[in-house]
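A single chain comes next, written as structure tokens; it is the form predicted on its own.
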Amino acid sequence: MNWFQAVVIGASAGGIKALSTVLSALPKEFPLPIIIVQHLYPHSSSRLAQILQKQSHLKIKEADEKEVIKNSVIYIAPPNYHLLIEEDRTFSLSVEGPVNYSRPSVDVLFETAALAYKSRLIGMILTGANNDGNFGVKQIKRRGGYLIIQDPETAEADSMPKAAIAAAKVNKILPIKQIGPYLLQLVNRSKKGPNI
């Protein structure tokens, strides 16, 4: 059994390409749920799940209200809704105001995921042009979670990764092409416990 139980990812400008790179490196046997906030225009009809599905061996879907989070599934926050994780490991959707000018907000997902999964959570910040995720990475770290941040040098927009690196003690900073293979290795190694 894996020590880690879930992965949360935040991305903004340039995120679709970055997410495609990370997710394409994961096999269909990847054992954890992956929950993603990608900033989208509020009224866009989200085809993000379909776009990313072409690059991934795992099932990808938009998260639904009260849905039970399952292993080996990638969940995407719907446009114009905050995505929250409840302590019973189900999703909630919220139309409360934007956080850091964003809805969905990375901070909202990361904070609620940190409360639900505590030290068994992996948080990841990829490319983006704002500071959304700063508060969230602090909450993940405070509860003993593990942080992987895209090397700002390889980010289409470096503000989000730079801000995350400045906000919390990060476990690993990697070029985008190395993140997927590293995540797989980390999860496989973690079967023995958190000392990695």
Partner chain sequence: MDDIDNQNLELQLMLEAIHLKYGYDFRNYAKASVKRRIQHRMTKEKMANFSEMQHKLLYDVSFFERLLLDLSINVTEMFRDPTFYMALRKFVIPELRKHPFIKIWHAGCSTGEEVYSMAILLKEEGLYDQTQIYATDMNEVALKKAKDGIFDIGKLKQYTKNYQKSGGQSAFSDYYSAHYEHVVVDKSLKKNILFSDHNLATDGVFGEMNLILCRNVLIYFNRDLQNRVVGLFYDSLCPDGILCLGSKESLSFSKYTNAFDDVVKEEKIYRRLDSELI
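Residue numbers count along the first chain shown, from 1. Note that the structure is predicted; figures quoted are calculated from it, not measured.
Absent from the display: the form predicted together with the partner chain. The rest refers to it.
Asker: At 4.5 Å by heavy atoms, is each residue in Pro78, Leu84 and Gly97 next to the partner chain in the predicted bound form?
Answerer: So, yes: the whole triplet contacts the partner chain.
Asker: Name the stretch: of 155 to 163, 28 to 36, 136 to 144, 52 to 60, exactly one has residues whose heavy atoms fall within 4.5 Å of the partner chain in the predicted bound form.
Answerer: Comparing against the partner chain in the predicted bound form, the contact stretch is 136 to 144.
Asker: My question is simply whether Val73 lines the interface with the partner chain in the predicted bound form - judged by any non-hydrogen atom within 4.5 Å.
Answerer: No, no contact at 4.5 Å.
Asker: Is there a non-hydrogen atom of Thr112 within 4.5 angstroms of a non-hydrogen atom of the partner chain in the predicted bound form?
Answerer: Thr112 belongs to the contact set for the partner chain.
Asker: So, in the predicted bound form, is Val108 in contact with the partner chain at a 4.5 angstroms heavy atom limit?
Answerer: Yes, Val108 lies within 4.5 Å of the partner chain in the predicted bound form.
Asker: Contact between Lys66 and the partner chain in the predicted bound form at 4.5 Å, heavy atoms?
Answerer: Residue-level check for Lys66: yes, a contact with the partner chain.
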